[in-house]
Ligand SMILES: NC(=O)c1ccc[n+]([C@@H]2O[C@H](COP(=O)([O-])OP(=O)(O)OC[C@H]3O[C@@H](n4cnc5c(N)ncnc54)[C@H](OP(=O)(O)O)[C@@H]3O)[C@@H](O)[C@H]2O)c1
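For reference, the chain that follows is the form predicted alone, supplied as C-alpha cells.
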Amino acid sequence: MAPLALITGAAGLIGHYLVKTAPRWAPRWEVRGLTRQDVELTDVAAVRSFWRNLQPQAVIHCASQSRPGSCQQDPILARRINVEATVLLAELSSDIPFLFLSSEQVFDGSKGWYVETDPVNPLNVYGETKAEAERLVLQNPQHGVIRVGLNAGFSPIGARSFVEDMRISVKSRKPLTLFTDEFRCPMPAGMTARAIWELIEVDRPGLYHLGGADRLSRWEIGQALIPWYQELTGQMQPGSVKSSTGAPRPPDLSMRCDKLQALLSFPLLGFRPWLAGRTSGAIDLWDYESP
C-alpha cells in the first residue's frame, strides 16, 4: 500500500494545491486533505482519535489562522490554532516526517532579502505565533519548517489568496490601495506545491525559505496583474504602509531561497517572468504545468 500523507488546511490556498497536484508531483503517496469538517485541530481528543485511525507516514501542516488582523484581534485563539495545534500534530508525528508551513512575517521587515539564519523579530501576533511554533517544531531533528511568501492562486472558498482579495475588493467597489513601500516575493501556488512535494521526497528536514525570485511592491504586483484581470484597471491607487491601520505590517519581507533552490529540480521563478510565460488559455494561471 502507498504511504499516507496528511495535508492539513486543505480548504486553504496552499493545502488545496498540494492535494490537487499530488498525482503529478507525489505519485508514490496516498494523499488525504483535511479540513475542519474532518477534524477540529484545536480539539485535542478528536485529533488523537483521528490520528489513531489513520496512522499517517508524513504530515504537511498548512492549517493556520493566517489573517494578521484576525490574529491581532484574538491572540488567544490565534495561539490555540497556530501554536498549540501545531505542537500537538508535531508530537503525534514524532517519528515521521512533519513539515510546518510558516511565514515570512516572523521578520520585522527592516532589511529584506532575509536568509534562514537571520534572527526573527515579529511585529504582529500572527508573526509571533508562527515564530513560536517554528521553534517548537524544530526541536525534533526529523521535522522541517518552510517559510512561505505571498502566494497567488484560487482557493476552494475563493478568499484565501491576495489575488482573490484584490478581485473581491474591486467587485464590492471597496477602495483598493496598494502600498508602494511594502515588498514581498510573490509566487504561484502551483510552484509552491511542487517545491514542497520535492522537499518531502528528498527528506531533508530543517528550516527553509520559499518565495519567488522577484522583490516587488504591492503596487508593482497589482500592475503586473492587470493584463490578466482587466477589472483591476483604474481601480487601484498607490499608498504607503506608513498610513496603514490594524496589525503592524513589516515593510520588506523579501527572502533569499538559495538553500531550498539547491534541492529542487526546477527554478523558482520571479512573478513577472512567470506571468510573461503564461498563455491566456491556461486552465489555472497559478498551476505549475511544466514537466
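This one's a predicted model, so the numbers in the text were calculated from it and none came from an experiment. Each residue number is its position in the shown sequence, starting from 1.
Unshown form predicted together with this ligand; subsequent notes refer to it.
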### Task
Determine whether any heavy atom of Glu134 comes within 4.5 Å of a heavy atom of this ligand in the predicted bound form, and answer yes or no.
no
### Query
Taking heavy atoms only, is Glu40 within 4.5 angstroms of this ligand in the predicted bound form?
yes
### Query
Do Arg160 and this ligand come within 4.5 Å of each other in the predicted bound form, heavy atoms counted?
yes
### Message
Check Ser66 for me: does it contact this ligand in the predicted bound form (non-hydrogen atoms, 4.5 angstroms)?
### Response
yes
### Task
Counting only non-hydrogen atoms, choose the one of 262-270, 41-49, 229-237, 245-253 that falls within 4.5 Å of this ligand in the predicted bound form.
41-49
### Query
Only one of Leu216, Leu150, Leu99, Leu199 has a non-hydrogen atom within 4.5 angstroms of this ligand in the predicted bound form; which is it?
Leu150
### Task
Could you check which residue among Ile221, Ile81, Leu176, Ala90 gets a heavy atom within 4.5 Å of this ligand in the predicted bound form?
Ile81
### Task
Pull the contact list for 97-127: residues with a heavy atom within 4.5 Å of this ligand in the predicted bound form, in sequence order.
Leu101, Ser102, Ser103, Glu104, Tyr126
